[in-house]
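Two forms, one chain: they're shown below as structure tokens, one block per form, named structure 1 and structure 2.
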Structure 1
Amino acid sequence: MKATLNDRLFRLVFVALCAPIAVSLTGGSLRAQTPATPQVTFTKEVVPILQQHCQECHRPNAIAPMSLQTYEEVRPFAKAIKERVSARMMPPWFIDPNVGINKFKNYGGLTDDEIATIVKWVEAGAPQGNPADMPPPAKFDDDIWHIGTPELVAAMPEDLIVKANGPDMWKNIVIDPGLSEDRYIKAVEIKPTKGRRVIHHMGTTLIYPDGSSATMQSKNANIFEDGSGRSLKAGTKVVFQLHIHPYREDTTTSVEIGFKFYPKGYVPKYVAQTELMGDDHELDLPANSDNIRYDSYKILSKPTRILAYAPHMHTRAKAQCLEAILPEKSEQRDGNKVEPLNCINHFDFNWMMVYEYAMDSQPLLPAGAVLHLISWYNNTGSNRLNNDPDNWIGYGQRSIDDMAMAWMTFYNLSEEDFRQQVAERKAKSKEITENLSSKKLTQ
């Protein structure tokens, strides 16, 4: 039978359509037809991450040792950046995301997607990309107040000159903010105005006219939720407790504190306070010893809402965990229930962090609960910050001594308020769970 013209056309069309498929099964043409994975570049994907999370410190005259603003500055450090962000050592945020609470007001770490982007970029050879994709340079203002314009600012009476070389220094500098009437603080911020590189960390204490004192949170801008605040009485003095570390050149430094207040006569329902947890004067770190453990406890006599956790240890520090021992039986055992709050698996003395819990994650603890602080130390040569592993180490202010403590910021609740806040927290959690379940069913 002779093929008709239509038959011949059909065969030609069939062969033309099938030929690419046949070839794709036999070699390199398969890869050629697979959609290419978009390349991650510095100018388009990486630099926005650096602007948001890194350049605050990594820029000229800031505290970091190198600037990470341009491609030429970043490229030599690409592999080191990959290693540090993959290990979650940079940006400095050391809370273990797999233990306890992981929602914070001031979260400073990278997301999993941001880490993956940087890793992919480095593994691809750290390409620059199209310069036209580069976003405008990020703007930073060291003079800005993160709490807004303060109503009252108090500064050191004179600058402090820190010599280029020498041991760490501690300075207690008392100032009078000049407050003539009792007020309640809505927001407070303590910041260096000069020479921030030489200030390792800073504590701040209020000295009231009757001689009593109160510790204040020593880092970050602290803005209290509506209805809560801190008391500042007329005639109160402020003590700046500076831990100063020389930085290779003579440096002028100074700090100041700014306050924003509730309206005159207003008394917040909840008054916040900060207390130092950890009686570590008997700290005992034998020479050439690792995983040395030190425990401390704080009994809560009233229902408590915890606002922030600020761990503090020195150069032999390895890790610290915070947990709550609740005065109730668990389902598994006839005894107290233990609730993990946070763990820091890789403590870094170079960064003294204050971790401020998100409002819906602030621990709500009943009266009778016990806060349990567990600290671990490495006093061996494997600790890169340990300059003398053959020496016994005990408690002390110097960096070569050590501590085992944490500042806890909290306010107390009445039993009625505690029950109400717990019920609200449970209802919200149930609502979120139900919404997620409903969403899954409709997908």
Structure 2
Amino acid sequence: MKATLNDRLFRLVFVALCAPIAVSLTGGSLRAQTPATPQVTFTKEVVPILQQHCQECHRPNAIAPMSLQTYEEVRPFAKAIKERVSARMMPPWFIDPNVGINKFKNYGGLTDDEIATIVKWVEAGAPQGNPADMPPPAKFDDDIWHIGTPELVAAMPEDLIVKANGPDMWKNIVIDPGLSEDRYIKAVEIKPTKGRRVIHHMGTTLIYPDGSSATMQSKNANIFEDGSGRSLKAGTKVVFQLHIHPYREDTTTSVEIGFKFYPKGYVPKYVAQTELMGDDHELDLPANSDNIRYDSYKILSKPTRILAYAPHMHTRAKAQCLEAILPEKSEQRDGNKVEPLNCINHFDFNWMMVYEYAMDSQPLLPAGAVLHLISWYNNTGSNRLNNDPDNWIGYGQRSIDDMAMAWMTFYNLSEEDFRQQVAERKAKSKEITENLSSKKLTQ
């Protein structure tokens, strides 16, 4: 690419003016434009990204259609990789990084730099580089419990035989873990024990003896912070929700769940709950219409700390945003009445995700705040999952019906704890800003 005179002038002036900062902030891209740029190669720069972000699914016997471990395996997919990665469709992580909160415990996206590395590599013809640079293969420990040895393990009563080449299936399998007394969960994990490659993804719901239910975080292991947990009452049933994607050959599969508990009699100060929001039956998606918007609200009657957000819609859905409308007077209201939390900018029905906020980014919301969920739909033929755009679609359980909801996992705080946690958060962010600005000054 030839730089125009203007470009060059701009760069010169820019570099001269902000040299000390610009070099450290944009050094990479400035250097990238000089001809001596070292090549991005598979063995040196690309494999580490694939090991960290792709191979969990893209390896033999895992759920993705192809393995992405060796150069020979990856090379034929270079173009497809560039497309999926730059559209932020792979790895499956659909949070818009430019809106609201971007710190998650289970963060699964790529950074801008990682995306740029892959794109640059593909555009340069996907060179292999020096085989000697290849790092040792990544290890995946499918068989261990990441939460440590569970005290209670419950498995599916019998294996599920998944016939070759069938359509995708959604199965709900109810299990009785046989708990005879109330306990509080410190950590929980679900994992396939056989036939991992047909389990596209899985979730669990607890059905309490009183009939109420709570969807739990689905991603692998979930360990609660000390002093917080989730209740598992005697007689609680567990429902495994499995999205099954048949493989080329008949496959036997099974899933189990393991729990670690707090000691008997111990009640954690904070007990996580999961509630649905937006389970409205009035959803109205006219035929052949795009960008249909649906709004749902949930009033928080007590101060609340939000732990996880799990959007749930069906095949017509395209996007969803979550924001908090703060009451007139609140600790955090620095002139903003609406606090954007997150947006899913391309919702994919095939990937029901649970986004777990990192400790220091869990939204802290005062009593009286309102969670506002905005869902968008595309009920036209341009939506590749839409098999019948001439049909009106409303609320319903079947996957050809639709929904506009999210599972919110949270715990309530006392007014006093809430004020204290907000103050701690503010002090911390002030500290970070001060550190940053003093760094800038000394540079």
Ligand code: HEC
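The term rigid core refers to the maximal set of C-alpha atoms that superpose within 1.5 Å between the two forms. Reference numbering: structure 1, starting with residue 1. The structure presented is a predicted model; accordingly, all values stated were derived computationally and were not measured.
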property: Structure that is the form predicted in complex with the ligand (1 or 2); result: 2
property: Rigid core superposed: S301 CA moves 2 Å or more between structures 1 and 2; result: no
property: G125 C-alpha shift between structures 1 and 2 of 2 Å or more, rigid core reference; result: no
property: Degrees turned by the smaller rigid body between structures 1 and 2, as judged from C-alpha superposition; result: 13
property: G203: CA movement between structures 1 and 2 [superposed on rigid core, Å]; result: 4.6
property: Distance moved by the L160 C-alpha between structures 1 and 2 (core-aligned, Å); result: 2.4
